[in-house]
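Shown next as structure tokens: one chain only, the form predicted on its own.
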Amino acid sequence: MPASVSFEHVNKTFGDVHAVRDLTMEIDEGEFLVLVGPSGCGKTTALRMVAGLEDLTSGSIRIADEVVNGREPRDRDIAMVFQSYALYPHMSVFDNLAFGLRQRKTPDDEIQRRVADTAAMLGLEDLLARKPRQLSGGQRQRVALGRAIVRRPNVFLMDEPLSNLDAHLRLRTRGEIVTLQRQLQTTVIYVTHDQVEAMTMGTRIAVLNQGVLQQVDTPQHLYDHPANVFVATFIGSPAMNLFSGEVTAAGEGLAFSATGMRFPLAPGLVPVGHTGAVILGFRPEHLRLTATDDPLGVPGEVTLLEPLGSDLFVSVRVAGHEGAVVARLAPETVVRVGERIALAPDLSKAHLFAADTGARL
């Protein structure tokens, strides 16, 4: 049976390093939750605390409403898939799959049935007699997944399990994992630094930075309504374009002003009474090519073209703006490196953040 997992004011320190800070989060039964963030953000530490491989400094973790602080890993009814496959090289695929069941004194006929079912699910039926050295990377990863699945635990913990696979195999295997999770209807906590992986796999995503939970929500809501500048730039590829400027009066309304640009702001975008320094954001797909004399156009010089078949990413150097502004344009768009162009934003898709805290306004 799938189990819920709860973090309740969890902290973890390593000497002077505060790896996880006051983490409070609920993961529902049967949910596929992805922990995502840059290296060193605390996501793997959080996973290891659920597994019992790291002690908590303070707080508590519950699995199926039972506090598991101090409980041995083997007593938590979880299974973990690591970045390294961690297969026993001297054992066959069958014996690797059966090892955990044998350790738990599972009857032989039950072992045979579970291994056969898992092998069929993962397409490993013809590989059961092979040793790990006789398998490809993708096959080894499926055996590692199978070793977890065959135990039928309450919770699966996956720590960057696809990082050793090539791009094509990663794409195929992440689809297989999502399909398996739906078939098994089990709870999965999945760690990755790859935001594309997070967006395509998770029913919800928890974004961490420097040990602090920034936001937890569905992939689409994270993309459309990031809680702060960090989430806005971490979720989405290419990242959101950010412009530093000021909110100023514009007749009866408000406008955003910065070097070389001035945009009217939609009613309700700016909190009542808020003026002064802000950060305005637009996703690359919310910028369009426009005439250089368009009053909403942001002028600049094309510095890079990245044709991807279905899209053309155009990087533009804008005066007074640090870094390139990136627009996602139709692939048939004709522009050249060195050309002066103008990009106009879709003002209905604007994001506004506080300049001092980075929080969404």
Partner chain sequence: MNSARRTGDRHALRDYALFAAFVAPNLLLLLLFVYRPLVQGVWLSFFSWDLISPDWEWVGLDNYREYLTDSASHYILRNTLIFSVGTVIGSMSLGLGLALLLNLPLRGREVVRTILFTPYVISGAAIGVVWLFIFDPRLGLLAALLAKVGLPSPDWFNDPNWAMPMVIIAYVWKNLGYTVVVFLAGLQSIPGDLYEAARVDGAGSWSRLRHVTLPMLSPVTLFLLVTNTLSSVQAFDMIRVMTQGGPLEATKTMNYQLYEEGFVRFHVGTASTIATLLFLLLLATTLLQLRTMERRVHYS
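Residue numbers count along the first chain shown, from 1. Just so you know, these numbers come straight off a predicted model, no measurement behind them.
The protein also exists as the form predicted together with the partner chain; that form is not presented, and the subsequent description refers to it.
Undergrad: Is the partner chain in the predicted bound form close enough to Arg48, Tyr88 and Gln103 that every residue in that trio has a heavy atom within 4.5 angstroms of it?
TA: Heavy-atom distance to the partner chain in the predicted bound form: all three under 4.5 Å.
Undergrad: So, in the predicted bound form, is Arg151 in contact with the partner chain at a 4.5 angstroms heavy atom limit?
TA: Yes, Arg151 lies within 4.5 Å of the partner chain in the predicted bound form.
Undergrad: Indicate whether the partner chain has at least one heavy atom within 4.5 Å of a heavy atom of Leu53 in the predicted bound form.
TA: Yes - in the predicted bound form, heavy atoms of Leu53 and the partner chain come within 4.5 Å of each other.
Undergrad: Evaluate Arg147 for contact with the partner chain in the predicted bound form, applying a 4.5 angstroms cut-off between non-hydrogen atoms, and reply yes or no.
TA: Arg147: yes, in contact with the partner chain in the predicted bound form.
Undergrad: State yes or no: in the predicted bound form, is some non-hydrogen atom of Ser84 no more than 4.5 angstroms from a non-hydrogen atom of the partner chain?
TA: Within the cut-off, so yes.
Undergrad: Counting only heavy atoms and a 4.5 Å cutoff, which of 283-291, 238-246, 174-182, 89-97 contacts the partner chain in the predicted bound form?
TA: Stretch 89-97 is the one.
Undergrad: Counting non-hydrogen atoms within 4.5 angstroms of the partner chain in the predicted bound form, say which of Met80, Val143, Leu254, Ala227 makes the cut.
TA: The residue in contact is Met80.
Undergrad: Pick from Pro73, Pro264, Pro219, Gly137: which residue has any heavy atom within 4.5 angstroms of the partner chain in the predicted bound form?
TA: By the 4.5 Å heavy-atom cutoff, the listed residue in contact is Pro73.
Undergrad: For 207-237: residues with a non-hydrogen atom within 4.5 angstroms of the partner chain in the predicted bound form?
TA: If the 4.5 Å heavy-atom criterion is applied to the partner chain in the predicted bound form, 207-237 yields nothing.
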